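Next up: a single chain in structure tokens, the form predicted alone.
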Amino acid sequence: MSDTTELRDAVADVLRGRCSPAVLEDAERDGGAPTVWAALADGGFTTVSVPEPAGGSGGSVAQACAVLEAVGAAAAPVPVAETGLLAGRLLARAGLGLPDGPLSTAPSPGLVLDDGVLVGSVDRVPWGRSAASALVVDGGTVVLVEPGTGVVTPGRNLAGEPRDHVDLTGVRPAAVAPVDPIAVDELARRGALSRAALIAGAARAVLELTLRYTGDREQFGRPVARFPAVAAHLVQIAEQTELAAMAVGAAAAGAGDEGEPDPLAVAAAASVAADVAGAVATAAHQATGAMGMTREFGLGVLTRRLWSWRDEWGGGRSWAAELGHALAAGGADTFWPTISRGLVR
């Protein structure tokens, strides 16, 4: 068993029983699940991939993605991706230590720093109402904004997770530090990879849920899973789930122990995961029929996240275009070696 598999299983054990339907309902209403967050934070799982000197738990991008697969499978309504792989690594890159509590971040192209004061707003900030935000301004400066600072207009995605509009005009950041301008592109790629990892985890949970339901439910004296039409959906879900896991694994492993994921691999993983999200959700709802649409059955919680996450940090279409442009730019001689290099280089 690999270290990433062990880590994913460890996080799954922590989350088992903590993301009940009641907890998820409360999180959609209240904007978070403090007990779920506390359990993950106590274990150091929220800051995996952030260097220890910066206040993180250490570890690689691959290990952070393993954590996110478990978080996605449990539909845990907490900003683990934002705190560790995204904002945490961004702060560390700028030489800033991690503050206590959850972190967030989002693309902030319209935000500027004028004489030490922020001007502008940021849209769709995950958990922006309750988490400190690490944001890039002017293309080369990282600012840390304390939770609840500025004018917050609550919003949410299809899954009910907070995605807030935050007007920071007039706010003085709690910390400011310069950062290499390439950090903006790195953050965008880690954002896309984080969503791909969450999707891979949620897709696996959808597969297990659908297999269990269609195996238990009988019609005409046999489990509905044995009907060819249903079986075809199950096969498609299984194939797509493995496809997403392989794409995420290849992109994450390419980062090595301390590096950043390869741009081409991230574009491939994000593009594949977005397609997988749609295909898995469609097939699962077809296989479970009307039951899959009820709030009492867990499928909807997962598929609403699949539909939400595939559109964040660029979305599948933009990453597919990025992938196509990169492959075309490499020319005919590099095309086959590039697409066939596999999980381990």
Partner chain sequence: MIFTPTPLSAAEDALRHEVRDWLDGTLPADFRPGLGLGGRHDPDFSRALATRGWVGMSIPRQYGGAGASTVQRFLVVEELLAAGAPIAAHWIAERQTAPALLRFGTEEQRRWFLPRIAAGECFFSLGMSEPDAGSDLAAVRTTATRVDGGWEVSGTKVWTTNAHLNHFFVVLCRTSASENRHGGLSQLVVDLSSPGVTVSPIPLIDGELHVNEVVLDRVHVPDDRVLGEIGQGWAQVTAELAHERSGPDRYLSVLGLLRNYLAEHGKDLDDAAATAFGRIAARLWSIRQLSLAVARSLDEGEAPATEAALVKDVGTIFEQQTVETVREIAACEIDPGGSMFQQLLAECVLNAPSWTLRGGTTEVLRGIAAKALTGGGAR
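Positions refer to the first chain, counted from 1. Predicted model, so just to flag it, every value in this text is computed and none were measured.
From this point on, the text means the form predicted together with the partner chain, which you will not see here.
Stretch-level contact analysis of 106-114, 86-94, 240-248, 131-139 against the partner chain in the predicted complex, using heavy atoms and a 4.5 Å limit, identifies 240-248.
Shown without its partner, this chain lists A159, A73, L98, A268 as candidates; in the predicted complex, only A268 has a non-hydrogen atom within 4.5 angstroms of the partner chain. Out of the listed residues V152, A231, A174, V171, A231 is the one that sits within 4.5 Å of the partner chain in the predicted complex by at least one heavy atom.
Although the partner is absent from the chain shown here, L211, D216 and S340 each have a heavy atom within 4.5 Å of the partner chain in the predicted complex.
Within this chain, E146 is remote from the site of the partner chain in the predicted complex, having no heavy atom within 4.5 Å. Not displayed here, the partner chain is kept clear of V179 by more than 4.5 Å at the level of heavy atoms in the predicted complex. Within this chain, V78 is remote from the site of the partner chain in the predicted complex, having no heavy atom within 4.5 Å. The partner chain in the predicted complex is not approached by G120, whose heavy atoms all lie more than 4.5 angstroms from it.
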